[in-house]
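Just one chain follows, in the form predicted on its own, and it is written as structure tokens.
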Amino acid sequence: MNRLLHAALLVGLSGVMAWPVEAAASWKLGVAAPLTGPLAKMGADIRQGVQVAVDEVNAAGGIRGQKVALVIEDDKGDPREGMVVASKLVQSGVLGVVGHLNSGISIPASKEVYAPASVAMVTPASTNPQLTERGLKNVFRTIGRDDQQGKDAADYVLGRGIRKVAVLDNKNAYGQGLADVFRRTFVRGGGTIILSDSVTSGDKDFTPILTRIKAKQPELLFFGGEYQDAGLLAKQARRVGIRFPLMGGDGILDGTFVTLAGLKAAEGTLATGPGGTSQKGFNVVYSKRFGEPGAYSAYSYDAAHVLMAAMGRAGKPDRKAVLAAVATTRNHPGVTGRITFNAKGDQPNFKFSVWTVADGQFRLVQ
């Protein structure tokens, strides 16, 4: 891994975005998310949620009289690029990082880059259980885990009386992990998986697998993956004559899914994800600046505030002191709910909501 880090630091970092940093600031907060590429919308949601939080703190005088400076990097949703920007953030002197979006980036970056540097990473979006199951002391999340999300999704489907489903995933750490938990929970609850397969993220033609699924006549298709693939799946499912609903996780809970699928194909789609929390005040402030919040906007806002509150408690711009303070977060008044981290860095009582597309928008169901 040392050679990889060395190579990462030597790679030409063209295309990596960084917002202006105040050189005099002692408190540096990093943000890592995909700001370009197919997941750029969700990356922008993360960046903007953090921006709202930091602007609030700075407007109130900063931390101990000094403003917080943001260092924002584009990991492009790519694991290799994620290691590069993680290394760059460490070299820039950040005290903590909000990010990453993708579990496939958060998992290696947290262990190989942030942990050796004692940098606290608070992710608002990476839900793969493995992230917090490795005994690391620097990893936290303001969102839940896929073993919570997959179970909540399967329980909801079973509660609707659905007993036959097809399951697809897109082979990545997020999609596979979510689909696996859904499968196990659904079968334990008395359901039958009549087809289980994977697709390759980025493919443009899913009609062969959709034709096979149609022939099996399931009552629902569950997809573990993000909106860029799910949108095409929904559109092409409609074309081959599929009328049963598509369901996914928080990776599809975005208006971009509706745009990619088209209004008719998207209608009735189900998704688990964050929501149903008391965050109206945040939504108003965010919407005035950036438009409608995305699935991870409020969770990013809360992650930034958790880190900045820890900086204040630490009392000095020291990574180890900040990390220790983050670990003691108890009953933090987030806009997504009260945040308390357990020894793993998780919120064990987190519950996912269920959403459906109605009239072209995701609306809360449960």
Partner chain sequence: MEGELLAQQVLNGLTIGSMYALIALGYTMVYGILQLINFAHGEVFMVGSFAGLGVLLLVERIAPGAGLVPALILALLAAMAAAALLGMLVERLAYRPLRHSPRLSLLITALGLSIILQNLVMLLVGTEDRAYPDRFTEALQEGFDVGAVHVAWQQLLTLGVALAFMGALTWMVRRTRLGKAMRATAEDPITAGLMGIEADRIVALTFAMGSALAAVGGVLFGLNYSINFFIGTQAGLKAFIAAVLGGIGSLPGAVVGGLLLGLIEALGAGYVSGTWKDVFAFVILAVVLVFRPAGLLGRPVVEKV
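As the structure is a computational prediction, the values presented were derived from the model and not from experiment. Positions refer to the first chain, counted from 1.
Form predicted together with the partner chain: not shown, discussed below.
Inset, instruction - Consider Q228 of the chain shown here, and say whether it contacts the partner chain in the predicted complex, taking contact as heavy atoms within 4.5 Å. - result: Taking the distances in the predicted complex, the answer for Q228 is yes, it comes within 4.5 Å of the partner chain.
Inset, instruction - Answer for T185 alone: is it within 4.5 Å of the partner chain in the predicted complex, judged on heavy atom distances? - result: Taking the distances in the predicted complex, the answer for T185 is no, it never comes within 4.5 Å of the partner chain.
Legend entry - the partner chain contact at S118 in the predicted complex, heavy atom, 4.5 Å: So S118 does not count as contacting the partner chain.
Inset, instruction - With heavy atoms only and a cut-off of 4.5 Å, decide whether E133 touches the partner chain in the predicted complex. - result: No, no contact at 4.5 Å.
Legend entry - The unique member of R160, K280, K288, K171 whose heavy atoms fall within 4.5 Å of the partner chain in the predicted complex: Contact with the partner chain in the predicted complex is made by K171 alone.
Inset, instruction - Just give me the single entry in P317, P38, G337, G62 that has a non-hydrogen atom within 4.5 angstroms of the partner chain in the predicted complex. - result: It is P38 that has a heavy atom within 4.5 Å of the partner.
Legend entry - Interface stretch in the predicted complex with the partner chain - options 145-153, 106-114, 119-127, 262-270, non-hydrogen atom within 4.5 Å: The contacting stretch is 262-270.
Legend entry - Contacts with the partner chain in the predicted complex, stretch 227-257 (heavy atom within 4.5 Å): Residues within 4.5 Å: Q228, L232, K235, Q236, R238, R239, V240, G241, R243.
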